[in-house]
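Coming up is one lone chain in structure tokens, specifically the form predicted alone.
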Amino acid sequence: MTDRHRSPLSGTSRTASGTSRAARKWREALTGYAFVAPAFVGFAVFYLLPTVRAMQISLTDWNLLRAPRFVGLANFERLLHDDKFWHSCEVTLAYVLYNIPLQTALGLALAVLSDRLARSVILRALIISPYLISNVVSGLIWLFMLDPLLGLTNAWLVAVGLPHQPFLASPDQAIISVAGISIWRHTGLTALLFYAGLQSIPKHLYEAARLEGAGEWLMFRRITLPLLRPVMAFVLVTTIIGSFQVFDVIAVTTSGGPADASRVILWFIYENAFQFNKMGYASAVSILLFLVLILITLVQMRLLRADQSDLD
């Protein structure tokens, strides 16, 4: 049929069909926005607006008792010459270095062993159980466990012939002990994340490698680790961010002591904001921490190629 003899209703039907498709896409988009809206509102109220407000306060001198006085970048210039600030950065970095490598290695080992030897739901529940305890409760538990005089940990050390250890009461052992508490609590979650990643690796790859004579260690290096890279990136980003933000365990166990040995950067912010009433200075430190964490996250995702997978 030529265009001259084509029915005029055919153009009308195509227009109606296009209109219905557009209306359907619009309804689907509205449905998606409706589902996202609660999360976006929560993000805006509890994260975005406080961040913007903190940026404003960081440019002022404010002690909560009088109106804020604009000082520009003076707070940022001051923290660059603050020895206590740099000491808190060193303590925080030490905590991260004590915590992250061991936590990641133990979590990966537990995940691989659970996948290879025992795929028991009860075993996975036991592994994840410490994470179900809040940071405050776990801090209190280990505060009593590590007590130099009455703690069960020292009783066990003495029972096997080892000397008493001061743990949280020692400037040399305080931050290591806090890192140990964090490792105990979070390793189960790390193992569960790695275990979930292991389930996405095709099993025929291991079978083919076994037929080629590959051992467990070779399969782990050549198959498991490369294919776990996206999960590894997620685990490292979240755990490192969480480590830089450690606070509640410090507040329960050491309060930044002894001798400032566990004064991490978040405790330094807390002290300046609520003990010394230096809200502008504390906000400046928090903004700097925010920028540093963004930079660390971008570097990690770039180095680990988090948006790529060897399964593609």
Partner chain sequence: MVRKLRLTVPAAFGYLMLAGFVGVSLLPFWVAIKTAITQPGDVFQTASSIAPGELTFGNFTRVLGLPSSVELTSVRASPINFALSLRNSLIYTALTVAGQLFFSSLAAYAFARLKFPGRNLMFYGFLASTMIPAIVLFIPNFILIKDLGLINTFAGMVAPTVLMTPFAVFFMRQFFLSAPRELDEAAKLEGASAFQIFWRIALPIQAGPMATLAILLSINSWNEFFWPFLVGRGEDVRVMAVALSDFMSQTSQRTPDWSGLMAALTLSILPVIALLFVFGRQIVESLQSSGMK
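Here the rigid core means the biggest group of C-alpha atoms that line up within 1.5 Å when the two forms are laid on top of each other. Because the structure is a prediction, the values reported are computed rather than measured. Residue numbers count along the first chain shown, from 1.
The protein also exists as the form predicted in complex with its partner chain; that form is not presented, and the subsequent description refers to it.
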{"item": "Position in contact with its partner chain when the complex is considered in the predicted bound form, options I128, V96, L236, C89, heavy atoms within 4.5 Å", "value": "I128"}
{"item": "is_contact(K203, its partner chain) in the predicted bound form, heavy atom dist at most 4.5 Å", "value": "yes"}
{"item": "Close approach of D61 to its partner chain in the predicted bound form, 4.5 Å, heavy atom", "value": "no"}
{"item": "Its partner chain contact in the predicted bound form: F70, any heavy atom under 4.5 Å", "value": "no"}
{"item": "Touches its partner chain in the predicted bound form: V121 (any heavy atom, 4.5 Å)", "value": "yes"}
{"item": "Sequence-ordered list of residues in 256 to 278 near its partner chain in the predicted bound form, where near means a heavy atom within 4.5 Å", "value": "L266, I269, Y270, A273, F274"}
{"item": "Did F46 shift 2 Å or more between the shown form and the other one, C-alpha, core superposed", "value": "yes"}
{"item": "Is_shifted F274 between the shown form and the other one (CA, 2 Å cut-off, rigid core)", "value": "no"}
{"item": "Threshold 2 Å Cα movement between the shown form and the other one for Q245, core superposed", "value": "no"}
